[in-house]
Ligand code: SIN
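The data below hold one chain only, encoded as structure tokens and taken in the form predicted on its own.
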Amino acid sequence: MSLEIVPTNAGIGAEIRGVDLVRPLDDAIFAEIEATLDTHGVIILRDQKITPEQQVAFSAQFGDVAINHNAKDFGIDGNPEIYLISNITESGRLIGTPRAGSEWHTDMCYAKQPARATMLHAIEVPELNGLALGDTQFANTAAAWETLPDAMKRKLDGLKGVFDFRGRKRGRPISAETIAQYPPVEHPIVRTHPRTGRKGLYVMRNDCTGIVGLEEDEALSLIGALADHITRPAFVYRHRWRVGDVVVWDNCTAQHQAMIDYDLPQRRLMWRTTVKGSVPF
């Protein structure tokens, strides 16, 4: 298996060609895939025809696979690691979360140990007269940090944000049990990548509800300014989905946002897996 790495030439991401995830990946090939994720923050593998078991197995090569709290209602029998993102209904019931991720965010940032990586596999992509809808945007948090003025870098040095599960609007009501599972936590505003050592901004609206040591007005103003900086066009790649796409992103280096520009009868179905991460530093 010979790989071709093709950067998106946008703010983040690279396509990896020459990978068939149906076949087991040897250590050398996976090391190249993992290094590409470390370098580019988002990797795209097109035309994959994999089973749920094969997706879970590929996810597990990056680390322990988490079971999302939504998978209890929106999962696949026999594969609790897969959580369905979908607007499809069967027997009058949604089979997945229909409007997930419409705000810029990183996955599981409200947890003490946020997700290392997230994987989406496109099973059905909504379209209108041949035009694919439901794109996902990705922003490069490391590039955003590196281009900040020195004065802002000094201001952010050592600051911690408060991350609260209750801050973001979600696609469906969340149980009190789930809310209790994720009490507010503090994470560095400037986060160091655990594998590369590269620094990046770790802050976003709503999920980040305050900054330790700052008054509320000052904290929210700073959070908003940094959130807008991270999502400047120069740092953003917009992925147009095709059936069979497998996209993996690094939640330390990338923020993402789902574009909700479709509705039934346009159908969307994604299989999501999440890889556990470490405590940010």
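Because the structure is predicted, anything quoted here is derived from the model rather than measured. All residue numbers refer to positions in the sequence shown, first residue = 1.
As for the form predicted together with the named molecule, it is not shown, yet the points below apply to it.
Remark: V19 does not count among the residues lining the named molecule in the predicted complex, judged by a heavy atom distance of 4.5 Å or less. In the predicted complex, the named molecule stays beyond 4.5 Å of every heavy atom belonging to A132.
With a 4.5 Å cutoff on heavy atoms, A144 does not count as touching the named molecule in the predicted complex; it lies far away.
At a distance threshold of 4.5 angstroms between non-hydrogen atoms, H105 is in contact with the named molecule in the predicted complex. Judged against the named molecule in the predicted complex with a 4.5 angstroms heavy atom cut-off, the residues T136, H256 and R272 are in contact without exception. Note on contacts: among G101, P114, G96, G200, the single residue with a heavy atom within 4.5 Å of the named molecule in the predicted complex is G101.
L120 is the sole member of V125, C109, V190, L120 with a non-hydrogen atom lying within 4.5 angstroms of the named molecule in the predicted complex.
The single residue of 71 to 99 lying near the named molecule in the predicted complex is I85, the criterion being any heavy atom within 4.5 Å.
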